[in-house]
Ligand code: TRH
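The chain that follows stands alone, in the form predicted alone, written as C-alpha cells.
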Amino acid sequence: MFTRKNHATSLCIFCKVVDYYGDIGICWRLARQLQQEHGIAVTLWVDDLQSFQRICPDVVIDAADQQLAGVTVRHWRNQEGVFTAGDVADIVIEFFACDIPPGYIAAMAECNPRPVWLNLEGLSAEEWVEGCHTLPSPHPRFPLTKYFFFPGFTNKTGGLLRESSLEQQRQQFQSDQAAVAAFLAQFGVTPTEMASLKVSLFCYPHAPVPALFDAWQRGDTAITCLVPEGVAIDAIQAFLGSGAKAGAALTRGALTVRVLPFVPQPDYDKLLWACDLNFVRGEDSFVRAQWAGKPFIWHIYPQDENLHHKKLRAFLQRYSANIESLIAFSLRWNGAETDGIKQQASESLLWRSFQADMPKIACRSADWQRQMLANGDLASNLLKFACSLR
C-alpha cells in the first residue's frame, strides 16, 4: 500500500476532447486556476493536442510531456498498464465521464489514503442537477468511490468556472475605450466599425447564419460581425465570395463581416468584453459570455433525440426573465421552436424584436452576473468539497 500525505497537494485532470474547444477550454482554465490561485501541482492529460493548440499557441502538438503556465501537460494516448501508486495525484478528475485508464484506477486503489475521485460533469440548468451534485458512486471492484461534481447556476451546485481576478480585469478593460479600440484595431476593425453594433460569432456549422446575415445586411443598423477563422465556414465564404481566411473582410449593405484568427483564451475574453452582443457555443464560451455581462445567444452542443433543446429551455427559464424576444430568438437559433412547430416570424422580425430589447437584455445580463458571483467559483468549490473527503 502506497502511503501519501493527508492534505491535497497534487491533482490530475483527464480530458477527452469531444466538442473541439469547449472540453479542453474548460479543463485548461481549471488547471491554470488550480495551479496559480491554489498552489496545486496539476497534471492535465488530454488526447487532442491539436485542438488544444488553437486556444493555447504554446502547445507542442507532438510532445508527450510539456510544461505550460506551471501545468504539466501529458498527451493521453495509450498509457494502459503503465501507472503505479506513486503516479497517482491526491485529487483525480475525469471530465464528463471520460473513462480514465483502468491501470490508473488500479493504481488509485493501492494508495493510502486513497485519492479523491471526481467526475466533473457538464453544465446544465436542469433541476435534477442539484439532487445529483456530490453524489457518491462506489467502484464495483476496487475500494474506491467516485463523486459526481456538477457546475451550475445555484448555490446547490458547484457554480461556474471563474478566476478571482476576472471581474476586475473586465471592468478595467471595458472602462478604457482606448484599450478596447486598440484591441479591436489589431484585427483590422476601423473607427467606423467601432461605432457600429459589434457582434462576435462562435457557433456550430448548422447554425442558421445565412438567414441572420441576410437580415443584418438588409437592416437599418450598421453591424460588424467578428468571426474566428474556421467557424461557420460555408456561410462566411458565401458572404465573402472568397476563402474565409483570417484577415478577410467585406461589407454588404449594413453588414460588415471580419474573419479573425483563432485567439488564445485571454484574448477571447477581451473579444467578448469588447462586443455588444456575443454568439457563443458549447460550454466554455457560454460561461465566459455570462461573465462578460453582455447580451449573448447560446448555441448549445447538439445531442441525440434533441435532448439539448430541453437543456436550452431549462437555462432560458432561469436566465431570460421572460423577455420574449430573447426566448424566441434563442429557440430559432437552435432549431428548438416550441412543440416542434416552426414559428412563422421571419428572421428579420425576430432580429428586430431582439435588437429593440437589447438594453433590457443587457440589464438582465448584468443582474445575472451578480447572481452567479454569489455562488462562488467552481475551482474553489471543488477544492473545498475534495478536502472535506480527505
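From a predicted model like this one, the values you see are computed outputs, not experimental measurements. So that there is no doubt, residue numbering starts at 1 and follows the sequence shown.
FYI, the form predicted in complex with the named molecule isn't displayed, but the following is about it.
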Listed range touching the named molecule, judged in the predicted bound form by heavy atoms within 4.5 Å, from 135 to 143, 201 to 209, 248 to 256, 68 to 76: 201 to 209
With a cut-off of 4.5 Å between heavy atoms, is Arg281 one of the residues that contacts the named molecule in the predicted bound form? yes
Contact of Ile55 with the named molecule in the predicted bound form (heavy atom, 4.5 Å): yes
Does Val18 make contact with the named molecule in the predicted bound form, using a 4.5 Å heavy atom cut-off? yes
In the predicted bound form, does Phe96 come within 4.5 Å of the named molecule, counting heavy atoms only? yes
Taking the named molecule in the predicted bound form as the reference, which of Gly243, Pro264, Gly131, Gly86 has a non-hydrogen atom within 4.5 Å? Pro264
Please identify the residue among Gly103, Gly293, Gly219, Pro228 with any heavy atom within 4.5 Å of the named molecule in the predicted bound form. Pro228
